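Here you'll find one protein chain in two forms, each presented separately as structure tokens under the names structure 1 and structure 2.
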Structure 1
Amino acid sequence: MFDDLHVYTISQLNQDIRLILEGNFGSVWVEGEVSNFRVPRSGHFYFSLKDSQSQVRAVMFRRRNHALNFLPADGDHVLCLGRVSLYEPRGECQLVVESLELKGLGGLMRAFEQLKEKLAAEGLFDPELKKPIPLLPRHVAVITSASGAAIRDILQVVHRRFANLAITVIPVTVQGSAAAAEIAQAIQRCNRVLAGQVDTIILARGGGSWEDLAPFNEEIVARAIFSSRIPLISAVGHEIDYTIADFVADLRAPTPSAAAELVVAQREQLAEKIQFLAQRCHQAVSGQLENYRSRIRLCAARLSRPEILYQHRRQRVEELSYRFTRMMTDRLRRLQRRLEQASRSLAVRTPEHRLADCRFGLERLSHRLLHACRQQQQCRRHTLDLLAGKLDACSPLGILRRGYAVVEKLPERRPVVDAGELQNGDRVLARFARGRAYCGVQEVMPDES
């Protein structure tokens, strides 16, 4: 019985398990969270997928992960399509991932940011590389859904403004997994089939959720826009939505209607500008002609009255003759004045005149002599009066007149100059300026010095 036993080698066991696993499962969709994500030098992705209870190993080979527009990270919620297999050397069950996409908004945002960074680094957003939108677009290709709101909005604007504009719609799906490839193809087709006709492309889509706009965030669309030789205006979603397509496009319009306005308004402005230039052209020439005309009129007017030509000469002659006569009369008058002066000074110098002069001098001198004598006399009298006054001031009578009295001791009538000479009971005589009085001494107060 034991001979019938089939004993596996490990390698054989693992190989059989692998074949059973691969045969039974085929391709499966698995959703879970990424953990232990790493990329060795080989470039393959190694990671685990887990949910709250279990986990499974996963590998995504380089040739597959190359197409991914983002780099997964631990914690990412992903949806994978893969084959269940066994890694024989270790006997570990693993999922060989063929495609992988991020689930949830956070993942999409990160994919968006990563792609944006990558394309920016490659220069796809370079302002220098942007193609100018023609001043006057004549034929616009609109790449959008043939039944969507975007094309309706654009056509409405164009019709309302009566714009002469050829429009070719290139219908595409603008939503879902096939949309990005279709849009990229449409841009390439337009460049191939309508080259030389279409001069502007509008890539448009009405508003939608972030996921709805996802095709416009795909690398394939970005590269198609960048490679387009025809300038492209992006008009995706609402004003607040920015997609990768907007960054690569040569011009970004906030909405499809705005893109149409942009193309149409340009035309109207140009028509106005041309009108204005034509007006300036007329004005400049008519201004110049008017200027010439008025100069000619002026010359003609002067030619029709020849007297104007010699009028100023006549004026000059008149002026000169006036100045000449005036100069001559002035000169005569000056000579006459000199003659009069000379005859006057001649008359002054006759002998009678001189005699009268001498007599007058003599009279003046005698007058002065008399005056001098009189003055001398007056001067002396004055001196005499002065001396008499002084003499008068020295006389004792003068002193008495000023209120002083002279006291004489009796009987000898000696003037008293010191009270010490007197004794009580002495009799004295006081003499005043007018009259005298006999007085008795009552008390003597000699100076104590």
Structure 2
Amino acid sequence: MFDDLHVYTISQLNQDIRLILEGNFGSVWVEGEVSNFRVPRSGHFYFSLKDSQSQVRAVMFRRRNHALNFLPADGDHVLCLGRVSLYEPRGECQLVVESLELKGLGGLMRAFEQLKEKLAAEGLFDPELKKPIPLLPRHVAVITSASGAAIRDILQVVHRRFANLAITVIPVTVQGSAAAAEIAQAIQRCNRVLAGQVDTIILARGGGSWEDLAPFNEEIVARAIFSSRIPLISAVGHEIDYTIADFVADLRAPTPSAAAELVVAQREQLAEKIQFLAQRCHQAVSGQLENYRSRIRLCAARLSRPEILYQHRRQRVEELSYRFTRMMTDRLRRLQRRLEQASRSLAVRTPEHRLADCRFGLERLSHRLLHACRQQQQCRRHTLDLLAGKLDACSPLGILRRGYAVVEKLPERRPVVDAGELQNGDRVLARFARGRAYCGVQEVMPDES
């Protein structure tokens, strides 16, 4: 009974559902709050869009999200343009986002701060890279709306201050989603087509809400301003308004009229300055000419009586001659004294004088050495006599000279120190201080003590 039924697999069912969704929904605008936002290593944005009752999953692929000038976060209220699709592996409905915008002033301010930090880190606001504005430009290009009040204010100021200044107006849209790209293209076209002709660019717009000034906070406009080879003045909004374009530009003007005043100097001021400089130049030249006239009159007065000039010069020559002679005499005397001192010093250092000093010193050393040797000899002789007396006092011969004798028993010739070692009839050898004698023992008398 089930043979005629068409049975779907899960993959086939999800594929058909995806085709139905994508076929019935074209590009749709969806408004909601961002939640569960995450960015994996692939660079794609994955998040959910929700309102008070429902939510839908969303994805924004890397090739689309790299153009955003802000990074979404949980809680942001956004407006998305995308197409409805189905993620087949999980069977989940999702919104493939093509464009993403923040809704509300808070979101715009956060995008502004994020872009400002990014461009500052890259050095686009570096004061050292800003180009100087010409003092007297000959040709100014104004990029602004052709029908706005900004161009009228600029032309009015220029006509009042310097009517001969050439102005080229490049009309652009200064509000809306297409304005940023159009402004960036106008800056690039001005650098490409009018290079060498235009001295300064004025990027101008009148006041407006923060949303109205949004094109001047776009990254594409900031990079076009930074890449401009022609100095650029940003005059966007009122004095209290600040945009990214103001930070990147070479000079910021609070209003379009102020930009024109900064670029064009007043003709009257320039004329007064030129007249002042001309007067100073005339006074300087007149003073220099009068100085030269005085010097010429003085020289002419001196040349009218040449004998006076000759007498002054002769007196000067004589004075210098006397000073020179005295100076040379003093110098010769100093040199003579130095020469005499050197001669005396050299005489003391002659070989004969040095040899005599050495000979005298040698004789003194010889006498001292001889005297020292004699004293040493006497001391050693006295010491030797003392040692000889001590040695003689301890010598056996000395003892024998005092009347003692050494007795040796024969035939062993062993010294006898005890009379008990002898017997009657033994033969002994007696040694005296001079000579010796062989004796026979007649009677042995032991020690009575």
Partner chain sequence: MAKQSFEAALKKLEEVVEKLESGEVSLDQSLKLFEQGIGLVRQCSQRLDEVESKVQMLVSDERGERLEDFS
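A quick note: this is a predicted structure, and the numbers were derived from the prediction, not measured. Under this definition, the rigid core comprises the largest set of C-alpha atoms superposing within 1.5 Å between the forms. Numbering runs along the sequence of structure 1, starting at 1.
Undergrad: With both forms of the chain shown on their own, indicate which is the form predicted on its own.
TA: It is structure 2; that copy is the form predicted on its own.
Undergrad: With a threshold of 2 Å on the C-alpha, tell me if C93 counts as moved between the two structures once the core is superposed.
TA: Not so; C93 is displaced by less than 2 Å.
Undergrad: For P411, does the CA position differ by 2 Å or more between the two structures when the superposition is done on the rigid core?
TA: For P411, whose C-alpha is compared between the two structures after core superposition, the shift is 2 Å or more.
Undergrad: Once everything's superposed on the core, is L387 shifted 2 Å or more at the Cα between the two structures?
TA: Comparing forms between the two structures, the L387 CA shifts at least 2 Å.
Undergrad: After fitting the core, how far does the CA of R293 move between the two structures, in Å?
TA: Residue shift at the C-alpha: 3.3 Å.
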